[in-house]
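Shown here is one chain on its own, the form predicted on its own, set out as structure tokens.
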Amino acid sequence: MNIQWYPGHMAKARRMMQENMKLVDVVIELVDARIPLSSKNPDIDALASGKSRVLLLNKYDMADPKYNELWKSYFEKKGFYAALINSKDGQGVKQIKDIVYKACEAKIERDRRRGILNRPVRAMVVGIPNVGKSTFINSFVGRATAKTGNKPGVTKGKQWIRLSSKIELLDTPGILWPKFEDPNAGMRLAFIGSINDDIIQTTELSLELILFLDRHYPDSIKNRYGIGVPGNLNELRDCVPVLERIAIKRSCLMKGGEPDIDRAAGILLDDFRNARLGGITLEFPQDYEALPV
């Protein structure tokens, strides 16, 4: 399933980020803990060259716990200051201030030697659409300063936010990159809701999700919907009966009693995106150990 999405406003937002990068000392990038690499924008590495980097694995409560620390360690080995957070509930957010200071120790020391004692650390907050940047900022600052939403594209422009006399944050719109070289990356981004659903064949996407769950989390669908799953599914067409059973179980029926698999597909995707299927990770660090970040 090949998904590409890069609307014009993202190109404009990228240029804005590039122009403002010289104003900041550190870049705080949020990724989704369920797909840490697929949700990490490779363009940010080029834009933030020479800057201190903090990487936050957000929504870790929705991911498989056994992979969270492994992913955190993976990014630390690549030179990032990394942390697991749940910005919605504020879990792990309090530690970020100290992490930002640690990432900027060299800059703070240079300022001190020059006699500059009160200049705040300036941090740019970046991430893909719907990764939770604005929710993180509101939790970090302790008040509602950034607009939030459960769909991509809520933050439209840059916004400076003063955390304290020592830290200032620059919020930026969520952006993707022009082309997903790995087709699985686009599909994973669609799974978590970072791609506009209007351009996606959601039924096909849900069949892809069933195929993945059958291979890696075989009990998730059975436990959620109380239906039997054949197991050892090999192709998308093998997954259609599973979607039909979900439709019947959720009373998604068309005229004549036929199961409405399109409605069932929407239910399945919504349940996954809201962690009702349990903690699920869609990519695993052991598959990427040899790759650069």
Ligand code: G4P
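A residue's number is simply how far along the shown sequence it sits, counting from 1. Bear in mind that the values here come from a model prediction, so they are computed numbers and not experimental data.
Just so it is clear, the following notes concern the form predicted together with guanosine-5',3'-tetraphosphate (G4P), a form of the same protein that is not shown.
- [ ] Using a 4.5 Å heavy atom cut-off, state whether L189 contacts guanosine-5',3'-tetraphosphate (G4P) in the predicted bound form.
- [x] L189: no, not in contact with guanosine-5',3'-tetraphosphate (G4P) in the predicted bound form.
- [ ] Verify the contact flag for K88: yes if a non-hydrogen atom of it lies within 4.5 Å of a non-hydrogen atom of guanosine-5',3'-tetraphosphate (G4P) in the predicted bound form, no if not.
- [x] Flag for K88 set to yes.
Task: Exercise: N58 in contact with guanosine-5',3'-tetraphosphate (G4P) in the predicted bound form, heavy atom 4.5 Å - done: Flag for N58 set to yes.
Task: 4.5 angstroms heavy atom contact with guanosine-5',3'-tetraphosphate (G4P) in the predicted bound form for L169 - done: No, L169 is distant from the partner.
- [ ] Taking 4.5 Å between heavy atoms as the contact cutoff, choose which of L213, A82, I128, V121 touches guanosine-5',3'-tetraphosphate (G4P) in the predicted bound form.
- [x] Going through each option in turn, the one that passes is I128.
Task: Position in contact with guanosine-5',3'-tetraphosphate (G4P) when the complex is considered in the predicted bound form, options A265, M62, I44, V26, heavy atoms within 4.5 Å - done: None of the other options qualify; the answer is M62.
Task: Interface segment, criterion being heavy atoms within 4.5 Å of guanosine-5',3'-tetraphosphate (G4P) in the predicted bound form, picked from 106-114, 197-205, 73-81, 131-139 - done: Only one stretch passes the 4.5 Å heavy-atom test: 131-139.
TODO: Work out the direction of the Cα-Cα change for F272 and D171 in the predicted bound form: closer or farther than in this form? It's 3 angstroms or more.
DONE: The answer is farther, because the C-alphas of F272 and D171 separate from each other in the predicted bound form by 3 Å or more.
- [ ] Tell me whether S39 and D171 end up closer or farther apart in the predicted bound form, going by their C-alpha atoms; the shift is 3 Å or more.
- [x] Between the C-alphas of D171 and S39, the gap widens in the predicted bound form (3 Å or more compared with this form).
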